[in-house]
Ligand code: S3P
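One chain follows as structure tokens, the form predicted on its own.
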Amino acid sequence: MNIILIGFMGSGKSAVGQKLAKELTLDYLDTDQLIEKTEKMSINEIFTRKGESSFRDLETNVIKTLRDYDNFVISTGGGMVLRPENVKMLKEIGLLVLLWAEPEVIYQRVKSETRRPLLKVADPLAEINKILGQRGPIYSQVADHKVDTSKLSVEAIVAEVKEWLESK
């Protein structure tokens, strides 16, 4: 069984995923890193050169390759669950854990990063609010468990996920 971390950028998926995998002695995989490796370009470059729709197609293709994976913690891109077909495939391979953070917290976490293509706008905080308004209901609907990471350390988030897994 796999544990699949979903949620918006800056919610902690990569940091939590790596630590959770280590503590549970599972392998770790980041779908964005896998896409960058196979495409030999950054997510930013993919968005610029090929567009968001092509990137979403790449995400779908990555999930198809994960069907034979077992005992992994998988961190997904923030938009991975926007396609119902992706959600269906993800649920077939693992439990979906939503890492959620308030818009202001996300902004503070990602404001100095240049590799976030969806935030290359005049008002990134407004864009975060807009995108979360659209994605929030989808995240909540598809998640098997939700952790608000806004005020928690990576260690506390990992502990909460582990406690939930033990109760299953």
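The first residue of the shown sequence is 1; numbering continues from there. Note that the structure is predicted; figures quoted are calculated from it, not measured.
Below, we turn to the form predicted in complex with ligand S3P, even though it does not appear here.
> Classify Arg109 as contacting or not contacting ligand S3P in the predicted complex by the rule of any non-hydrogen atom within 4.5 angstroms, answering yes or no.
No, Arg109 is distant from the partner.
> Can you work out whether Gly79 and ligand S3P are in contact in the predicted complex, taking contact to mean some heavy atom pair no more than 4.5 Å apart?
Because a heavy atom of Gly79 falls inside 4.5 Å of ligand S3P in the predicted complex, the answer is yes.
> Would you check, heavy atoms only and a 4.5 Å threshold, whether Leu20 touches ligand S3P in the predicted complex?
No.
> Are any of the heavy atoms in Gly136 no more than 4.5 Å from a heavy atom of ligand S3P in the predicted complex?
Residue-level check for Gly136: no, no contact with ligand S3P.
> Of the options Leu125, Val105, Leu58, Ile43, which one has a non-hydrogen atom that comes within 4.5 Å of ligand S3P in the predicted complex?
Contact residue from the list: Ile43.
> Taking Met9, Asp32 and Phe47 as a possible spot, do all three reach ligand S3P in the predicted complex with a heavy atom inside 4.5 Å?
Spot residues vs ligand S3P: full contact, yes.
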